[in-house]
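Listed next as structure tokens is one chain, alone, in the form predicted alone.
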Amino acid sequence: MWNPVVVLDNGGGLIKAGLGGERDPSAVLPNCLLRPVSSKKWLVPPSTTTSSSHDDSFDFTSAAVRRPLDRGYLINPDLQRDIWAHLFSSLLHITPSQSSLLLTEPLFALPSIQRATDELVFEDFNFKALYVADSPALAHLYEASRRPHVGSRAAQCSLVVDCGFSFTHAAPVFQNFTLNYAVKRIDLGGKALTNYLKELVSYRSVNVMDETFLMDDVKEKLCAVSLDVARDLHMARTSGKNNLLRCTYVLPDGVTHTKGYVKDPDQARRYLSVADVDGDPPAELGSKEGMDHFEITEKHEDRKRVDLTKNEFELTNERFLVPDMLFRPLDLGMNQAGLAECIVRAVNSCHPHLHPVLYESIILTGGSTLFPRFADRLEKELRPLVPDDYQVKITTQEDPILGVWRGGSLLVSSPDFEAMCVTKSDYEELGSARCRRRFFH
């Protein structure tokens, strides 16, 4: 390469950063500053790719959080500058003035936000060149490179469902360009799901409204998508060992451990072994009499006061109600379509010749697609909405969190990348608005 290229997937939740041409990023860290209870200074959280001993020494409990991005868009460039400065100097060990940058930016960023980003890149860090890409195009590029045996139509065209930290997009991609006129968006992402889980647990058990990172961990370890919500709601009301949903999460005590953990992982995994909606339900739930019996038992024997002296709380129906919001935003009071209907609307906004190709090449990316059974539930809801003569094929990326970064690393390795970039001299001569036209956004 003519000079080192930094690939920076600047997400609302996590920053993924590394040098182009490599398979995995060198650093993955939360895109925020933290102030732990025991400190008066704002600190950059440690990278998850560093040693575990360093991570364990950092106490996230009740830490105050400041984020440079809100709803996916840059609102605090000064804060972002501080985080990037630490990233480039302490983690990547690169000199920006001798490097180029490939940066991901959310779809439909306002010109004022684009200007602020360009000022950060060229005026504050003095990068030699910049290329701005959007997540769906990079996710499509990486999947197309991984599946060269797939037909040429699917390699050129796909529908990328990006469930990220701030929002969810259904974005058709054609020949590595995102079709902006057909993109549909749901204002729900990992942050909203974590906040909803915090509210449920705080209302039913202990106050965890200030424990953002702790509840992120609970969500990632214990939540799963339900294939039959009505059945699982009944299951959550049963008592004793018949309740396959019940599990316990132990809160950190600040002495022996600074991170929470699942008390009995085997018990937590039982719910994932339940047959899907087409299979037989558990025997206890097979009859109306069985249902009534468990409802009565739950009401009279199991409904106890929460023991606030215990350093733990139980989860039951919260485990599937939280990710279910992506499929039914109306349950949260949001007047928006669910994910399946959002995909259908995105496809219908494209040329009819593309419809069958898009339905058979749906790519799932973003951390919120990591919930167990996510793809199964999406296919179950999508199938009735799609014409019978169309196939529905859903592919989850091998690592939905790193898939976009790997697409960027692949793009940087292409021989045409240098010609696609905007150089610092271009920016100084033409300004931000005219330079942005080169990216076809």
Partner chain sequence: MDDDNSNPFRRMSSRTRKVAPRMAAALASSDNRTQAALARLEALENDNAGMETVEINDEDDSSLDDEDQGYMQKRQSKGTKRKTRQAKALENARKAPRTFLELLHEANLESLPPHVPSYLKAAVGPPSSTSRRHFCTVCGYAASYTCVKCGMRFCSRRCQNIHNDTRCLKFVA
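Residue numbers count along the first chain shown, from 1. Bear in mind the structure is a predicted one, so any value in this text is a computation, not a measurement.
In what follows, reference is made to the form predicted in complex with its partner chain, a form of this protein that is not presented.
- Interface residue among 355, 219, 128, 184 relative to its partner chain in the predicted complex, by the heavy atom within 4.5 Å criterion: 184.
- A heavy atom within 4.5 Å of its partner chain in the predicted complex is found for one listed residue only; from 258, 242, 336, 267, this is 336.
- With the partner left out here, its partner chain still marks one of 364-372, 75-83, 259-267, 131-139 in the predicted complex; by a 4.5 Å heavy atom cut-off that stretch is 75-83.
- With a 4.5 Å cutoff on heavy atoms, residue 314 does not count as touching its partner chain in the predicted complex; it lies far away.
- Among heavy atoms of residue 59, none comes within 4.5 Å of its partner chain in the predicted complex.
- In the predicted complex, no heavy atom of residue 401 sits within 4.5 Å of its partner chain.
- Heavy atoms of residue 392 never reach within 4.5 Å of its partner chain in the predicted complex, leaving it off the interface.
- Residues 33, 35, 37, 40 of 22-40 are found to place at least one heavy atom within 4.5 Å of its partner chain in the predicted complex.
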